[in-house]
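So this one's two forms of a single chain, laid out as structure tokens and tagged structure 1 and structure 2.
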Structure 1
Amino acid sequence: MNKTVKQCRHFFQLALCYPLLVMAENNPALDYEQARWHPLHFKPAIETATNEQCLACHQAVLQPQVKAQSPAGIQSKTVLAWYQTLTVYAGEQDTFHRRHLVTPLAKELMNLQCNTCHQGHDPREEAVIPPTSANATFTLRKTVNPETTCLKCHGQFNAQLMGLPEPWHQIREIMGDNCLLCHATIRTTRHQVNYLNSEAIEKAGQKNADACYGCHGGRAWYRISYPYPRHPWPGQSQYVPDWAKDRH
């Protein structure tokens, strides 16, 4: 066993070290560098990679890893972050990957794959050298593009575009806490993408507006909203608002 693997075993709790150990045990033919530069990480192979293929080395990303207590002694059970206060939030503190792939809510509403977020990159062009403040189209090796992934479900609620006078959390009661008040007839052709369970989403939204709000402002990490495509819907008016002119 080489030195890196030994070091890794020492720090075995680090998620990144698991692939190494798994490899060393299951596939002695692949050394660390070979696995790290495995073609599955990059285009085009990553486009058709299955979760199982990735998990063969990276099963650790789905193992529970949240500590029961912080170094300062705070019990993780007793703290909730602002984005964990929606009524659809359930269960104990969990990791990022598990919250998107294996929690009951994630499984019910979504069908995310490793390659929904990890879309690959060109290994030879990891970063611009020298660094530049211009909008260069380079990505760091493990970078996931936030504008085309995270923003879709973690952008701001776009009250202005909806013609609503206030952000949702201030007017939800006046609206009967119900997105479907309007969205039973407006923009009804929605969520027809392979990473969402569209029927389950509609059912969840009928029961609880927080299910909808959860992906449309209730867990916003950004100050901007995602410019969603505007799919034609039955009964749509001929009038196209200015903001919608480029939406297809």
Structure 2
Amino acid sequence: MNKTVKQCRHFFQLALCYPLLVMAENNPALDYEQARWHPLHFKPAIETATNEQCLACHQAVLQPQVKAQSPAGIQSKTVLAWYQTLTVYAGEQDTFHRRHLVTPLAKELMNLQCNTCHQGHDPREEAVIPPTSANATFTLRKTVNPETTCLKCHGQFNAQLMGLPEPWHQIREIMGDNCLLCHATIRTTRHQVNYLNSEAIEKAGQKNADACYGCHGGRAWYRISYPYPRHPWPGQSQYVPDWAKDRH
């Protein structure tokens, strides 16, 4: 096998195993396999795990890691990442976990915890590393389910459902660049979930429509819309349209 490929695979394997090695090192009574199967990685323990417990081993996810230059030689300062294209994001490029946990925008609008997204997994069903050509009957089980995590906030902007003629980025000027032009009286109770700071989001939306559009289409995750929770609001009709059924 090519030496470079071997090195890359070895590095990838170490990157995945490192948090577990740290857990084993911090607790001499644990070896690697015991750390891998620690109850904190599974339900029900993971449902009540604190960020401090997770970050005791996974602290590396909060370390700045964006490279100044890509392998192709492109300087990160000369281009915009997709999340930088909206006015509510400030600063240089940052990593995925930091943008959801520790950046100023994350602290202002979000209340995400490690186990908001990471809800447990089963190593017995993970694909082996390095990959094998044999039929090992493993499934590639994700440690995060995008349908119950990412899409809670990052769905495609559903202009048709809202009765708008075009997507928001094409008609925002016509609408005064103001989501609350309509939503001041429509669906007035929003974001009532424990992983968001609802009051801060409402205030941010009053100042800048990008605070709304950033999640609702501006940073879409997959090209589908998502049935956001439908919270009751004052004066809401008792009739529930078909598109809103099963939204809790």
Ligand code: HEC
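Numbering runs along the sequence of structure 1, starting at 1. Take the two forms, find the largest set of C-alpha atoms that superpose within 1.5 Å, and that set is the rigid core. In this text, all values refer to a predicted model and were calculated from it rather than measured experimentally.
Form assignment for the chain places structure 1 as the one matching the criterion, namely the form predicted together with the ligand. For Ile224, the Cα coordinates differ by under 2 angstroms between structures 1 and 2 after the core has been superposed. Comparing between structures 1 and 2 on a rigid core frame, one finds that Gln238 has its C-alpha moved by 5.1 Å.
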